[in-house]
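Listed next as structure tokens is one chain, alone, in the form predicted alone.
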Amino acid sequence: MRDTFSDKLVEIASEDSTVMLLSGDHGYGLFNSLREAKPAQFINMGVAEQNMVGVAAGLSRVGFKPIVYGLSAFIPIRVLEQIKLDVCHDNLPVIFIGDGAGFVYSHLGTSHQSTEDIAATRAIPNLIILSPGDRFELERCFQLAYDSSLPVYLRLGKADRGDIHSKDLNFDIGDLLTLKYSLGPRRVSIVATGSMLKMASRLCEHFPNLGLVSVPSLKPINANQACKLFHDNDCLITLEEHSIYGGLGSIFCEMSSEFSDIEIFKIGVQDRFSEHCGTYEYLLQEHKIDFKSLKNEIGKII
């Protein structure tokens, strides 16, 4: 996914000289291609994320299309006030890239782990939230973010989970992607976003009657598609590398309370911090969103 992100960034910046990448002292290897191809369109703002968002807002007002990059613990969490007031209040065309969402920066502890970013950004008016699950979803999400000319938060999780799709995609902001329909007398589907999409795909291989739905757009979500999903299933299981509060599970519970009485099980990070540092795989186990734990939990549900 990271290579796809870099390639798409260079492509867009090469076609549009108003695109400016602002980095909070991160991503040097990731942006080597951009710095070589378009050095004037890359600015290292240093460890000054709040100032970086203010600069991005100023650039957007004079005709530029800024892309603000940082770790998701910093972009958007450290700069929520600036995103809200400097950018979203006036609906400015700024794209925020939050890299390493969830437990990616596992060894660096709670300060660098971000499992609250969806909840924190959902309540900010005018802000679109995109959460791709593989490189094909990422490429489309990036293009949609650029084309929208609106404030967008693009959430990037673990980058090496592998592909789900096999070809370029053409969905729109808000669309749900049904990858597999549920079978059997009790129709149950997993609804997943971001890095958990690959995990959900593995679970569907183990439980062949499960359906699978990808949610690359968390805000907005197409209400008509959501209603059809509720109608076509007896039960939904939401799966996310994010707190069970305020994220994907909460979104679908809120929508179902308005449109349906479908049973929904939320699976994600419980209301606690990580107890230990360790590898990414270790933290998935600690928070019980690794394959073994999920297999056992979903087995109970279905």
Partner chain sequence: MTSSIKNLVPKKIRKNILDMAFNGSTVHIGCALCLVEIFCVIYRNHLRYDFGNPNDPKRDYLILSKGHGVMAQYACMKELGWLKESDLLNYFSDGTKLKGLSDSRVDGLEVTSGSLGHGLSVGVGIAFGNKIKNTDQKTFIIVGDGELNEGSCWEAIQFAGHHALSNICMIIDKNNFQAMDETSKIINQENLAAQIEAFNFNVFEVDGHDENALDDAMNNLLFHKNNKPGCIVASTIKGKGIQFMENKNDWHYLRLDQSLYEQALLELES
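Since the model is a prediction, treat every value here as computed from it, not as a measurement. Numbering follows the first chain given and starts at 1.
Same protein, other form: the form predicted in complex with its partner chain, not shown, and the subject of what follows.
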*Mind checking whether each of Cys277, Gln285 and Ile289 has a heavy atom within 4.5 Å of its partner chain in the model of the complex?*
no
*Using 4.5 Å between non-hydrogen atoms, is Gly246 touching its partner chain in the model of the complex?*
no
*Quick one: does Ser182 come within 4.5 Å of its partner chain in the model of the complex, counting heavy atoms only?*
no
*Even though its partner chain is not shown here, does Arg186 get within 4.5 Å of it in the model of the complex, heavy atoms only?*
no
*4.5 angstroms heavy atom contact with its partner chain in the model of the complex for Leu236*: no
_Under a 4.5 angstroms heavy atom criterion, identify the one residue in Ala57, Ile67, Ile267, Leu34 near its partner chain in the model of the complex._
Ala57
*State the residue from Ile262, Met45, Leu30, Met255 whose non-hydrogen atoms include one within 4.5 Å of its partner chain in the model of the complex.*
Met45
*Since the chain is shown here on its own, which stretch among 138-146, 106-114, 163-171, 76-84 would lie within 4.5 Å of its partner chain in the model of the complex, judged by heavy atoms?*
76-84
_Heavy atom within 4.5 Å of its partner chain in the model of the complex: which residues of 60-79 meet that condition, in order?_
Arg61, Val62, Phe64
